[in-house]
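Heads up, the chain below is alone and in the form predicted on its own; it's given as structure tokens.
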Amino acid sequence: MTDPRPTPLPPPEISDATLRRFVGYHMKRAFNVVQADLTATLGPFRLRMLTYSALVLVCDNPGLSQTRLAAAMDIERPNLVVIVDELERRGLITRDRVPTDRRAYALMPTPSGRRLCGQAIKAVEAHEARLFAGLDDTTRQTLVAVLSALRATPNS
């Protein structure tokens, strides 16, 4: 027996031509692709983009204060506390009082934090190699230079 209902028409195409005129639109769309793949890459390590970034910064800068880590990550200090709490709870970093400033904490990676960090970095390197395989070295360097210049531009 045939279905008496008419076959639904596909929805009409949506034009994003106006939005494609803006560099920021392309950056956001590209970031969505990078973020989705990075989320999948970091998932097995039980890390998110922010916890991964914080762990790498602490491993690369042992003794870093929470204030300086927040500044390096460009996030509000209260938001950082949640990230540091998570890393500390998992035994990946320690938070020790700075003897000369009782209000400050020095963040130190633990051996398991260093191991996990190294494994995650290798996975992120593979993620980047896979995602940017279509870009030659010169194009990659240009992309990084353009993005770095944009970050260095003061907000007007």
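For every residue, the number given is its place in the sequence shown, counted from 1. This structure is a prediction, so every number in the text was calculated from the model and none was measured.
This protein has a second form, the form predicted together with the DNA, left out of what is shown; the following refers to that one.
R102: touches the DNA in the predicted bound form, heavy atom cutoff 4.5 angstroms: Residue-level check for R102: yes, a contact with the DNA.
Heavy atom of H127 within 4.5 Å of the DNA in the predicted bound form: No, H127 stays farther than 4.5 Å from the DNA in the predicted bound form.
In the predicted bound form, A71 touching the DNA (heavy atom, 4.5 Å): Judged by the heavy-atom cut-off of 4.5 Å, A71 is well away from the DNA in the predicted bound form.
Residue contact check: I121 to the DNA in the predicted bound form, 4.5 Å heavy atom: I121: no, not in contact with the DNA in the predicted bound form.
Candidate stretches 53 to 61, 94 to 102, 127 to 135, 109 to 117, one within 4.5 Å of the DNA in the predicted bound form by heavy atom: Among the candidates, contact is made by 94 to 102.
Candidate site N32, R48 and V81: all three near the DNA in the predicted bound form by heavy atom within 4.5 Å: Answer is yes for this spot.
Contacts with the DNA in the predicted bound form, stretch 106 to 126 (heavy atom within 4.5 Å): If the 4.5 Å heavy-atom criterion is applied to the DNA in the predicted bound form, 106 to 126 yields nothing.
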